[in-house]
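This document opens with one chain alone, in structure tokens, the form predicted on its own.
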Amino acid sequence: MPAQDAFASLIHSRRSVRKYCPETPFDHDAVKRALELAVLSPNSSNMQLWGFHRVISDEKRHALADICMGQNAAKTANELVVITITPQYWRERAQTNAKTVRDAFNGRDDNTAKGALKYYEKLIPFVYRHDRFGLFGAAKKLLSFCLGLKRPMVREVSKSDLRVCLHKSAALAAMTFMSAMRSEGYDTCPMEGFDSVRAKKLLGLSSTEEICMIISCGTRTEAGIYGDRHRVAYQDVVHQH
């Protein structure tokens, strides 16, 4: 089968499954392999400010299922994967990326090499650094507005903008993970209906971490698919310019 056909088949077969078969054997190593692919996902500035928490033990899995409002997708899952954003690690990730850039451009002194290093040593700290009261963020917003009067300028520089950015990167990894799980023959369901305060406490997350989504994993039952897939018409959402 051509690669494009195989990929199309995988995407068409992936569904958000709300009920899994508890009697079907489940290979937890499949989750490990899927996560190894998920961490290869594209992410903003290669900062990789995400976390993946595997909830496998019966005790914590059942507790997290209750925190997920008792959804069948959580209660019947063999494993739950909690995807988080981890903005607190931005400094060390920027330093790691800067070292990678230095190694990659070793011996070069051209504008490309200088620009790549400046990106992680100057621009990333400017974008990621924030103060408790949001004054620095407001100043950055004002600066980007003023610079944007004369030339194209990134406008999303506040703490809330950064939060959106990190959730987008985490969501890209989530889709890679779900696709990889489907290629392993298993099913998933991304969930946003949960008590984030209780979930963070259960997993021992820091105050700066946020949960992007919780993904249940297992083998689908017929009752786990609630009907034929429905999407709005292609022409209603795809716009050509």
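Residue indices: 1-based, along the sequence shown. Just so it is clear, the structure is predicted and the values come from calculations on it, not from any experiment.
Note that the form predicted together with a small molecule isn't included here; everything after this is about it.
Participant: At 4.5 Å between heavy atoms, is Asp29 in contact with the small molecule in the predicted bound form?
Facilitator: So Asp29 does not count as contacting the small molecule.
Participant: Answer yes if any heavy atom of Ser158 is within 4.5 Å of a heavy atom of the small molecule in the predicted bound form; otherwise answer no.
Facilitator: Looking in the predicted bound form, residue contacts with the small molecule do not include Ser158, since no heavy atom lies within 4.5 Å.
Participant: Does the small molecule get within 4.5 angstroms of any non-hydrogen atom of Leu37 in the predicted bound form?
Facilitator: No, no contact at 4.5 Å.
Participant: Even though the small molecule is not shown here, does Thr221 get within 4.5 Å of it in the predicted bound form, heavy atoms only?
Facilitator: Although the small molecule is absent here, Thr221 would stay clear of it in the predicted bound form, with no heavy atoms inside 4.5 Å.
Participant: Which residue among Thr86, Asn78, Asn97, Gln71 has a heavy atom within 4.5 angstroms of the small molecule in the predicted bound form?
Facilitator: Contact check passes for Gln71.
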